[in-house]
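Only one chain is shown below, in structure tokens, and it's the form predicted alone.
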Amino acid sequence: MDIVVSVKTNLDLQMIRIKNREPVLEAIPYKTGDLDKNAVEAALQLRDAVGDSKVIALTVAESNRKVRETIKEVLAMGADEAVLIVDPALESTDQAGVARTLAAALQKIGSYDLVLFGEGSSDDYSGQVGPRVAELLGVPQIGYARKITAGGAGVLVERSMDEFIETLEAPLPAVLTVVSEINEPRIPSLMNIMKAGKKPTEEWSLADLGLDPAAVASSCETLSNLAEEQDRKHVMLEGGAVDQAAGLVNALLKEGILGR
């Protein structure tokens, strides 16, 4: 069973600060998406259970710098090889453009049985890319997977839907999106980190996939990316500690934050 895992590189959101209601992105490090790590771990466990399989990490970005280090982390986790789609035109793309790029890359890879995605990305969590890729490839898609088992000529997927547990079966090839409950991603050992740089890694451009920039151009326009405006009360508490505590409680009661 050959498994391809889509891996997205995100800005580390915990490192972003807000200035004048706008995010400051300079010098913010990149990291592999949390749910993408769950997808990688699921692929590795399937590979080990089935045997005679390989895991390919697939990622897209506008620059090599953005993905080189994060893809090494995925290779250190245990992925066998990586394919990087790097092109400046991808800087302004949207979910539809990413899906077209990934679908074209999968067609170029040629041989695969499963394609795994995180259910959503750490930055916008749209949950669109996996289903869009499945539609473009014309293959079955199952979302919200919390358990995956290979069986017969297909795959069994268990997922939680409100009060029910569903078990679905799909023939191969298929696209699956996973949730965080599926596993706990492994932490790479020092030895595997050192080996990661020697694993096969290919880099393709949009032209290598037969795509031009217009094919991945965004159809969406961002009108605003401002943080919510905050109106501060500038309440000053005077007196000793007891008086200040009483004043704080009264202020919170007036705002309805504390119940009477």
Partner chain sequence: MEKVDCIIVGGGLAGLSAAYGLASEGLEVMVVERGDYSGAKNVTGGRLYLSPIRDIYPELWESAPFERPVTRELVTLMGDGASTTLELASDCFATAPYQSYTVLRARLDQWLADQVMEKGGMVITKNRVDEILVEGSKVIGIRAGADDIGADVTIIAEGVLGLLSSKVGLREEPLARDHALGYKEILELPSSVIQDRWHLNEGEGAAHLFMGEVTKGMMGGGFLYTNKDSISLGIVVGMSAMRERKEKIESHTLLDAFKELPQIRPLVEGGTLVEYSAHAIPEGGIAKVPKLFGDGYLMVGDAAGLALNALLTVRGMDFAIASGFYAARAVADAKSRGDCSAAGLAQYEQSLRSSFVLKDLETAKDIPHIMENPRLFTHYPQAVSGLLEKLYTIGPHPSQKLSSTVIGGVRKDFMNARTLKELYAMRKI
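Residue numbers count along the first chain shown, from 1. Please read all numbers here as calculations on a predicted model, not as lab measurements.
Although it is not shown, the form predicted together with its partner chain is what the next lines describe.
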| query | in the predicted complex, which of 170 to 178, 79 to 87, 186 to 194, 127 to 135 comes within 4.5 Å of its partner chain (heavy atoms)? | reply | 186 to 194
| query | Any of the heavy atoms of Ala246 lying within 4.5 Å of its partner chain in the predicted complex? | reply | no
| message | So, Gly51 and its partner chain: in the predicted complex, are they within 4.5 Å at any heavy atom pair? | response | no
| Does its partner chain get within 4.5 angstroms of any non-hydrogen atom of Glu69 in the predicted complex? | yes
| query | Taking heavy atoms and a 4.5 Å cut-off, does Lys198 contact its partner chain in the predicted complex? | reply | yes
| task | Sort through Asp231, Glu26, Glu228, Glu221 and report the residue having a heavy atom within 4.5 Å of its partner chain in the predicted complex. | result | Glu26
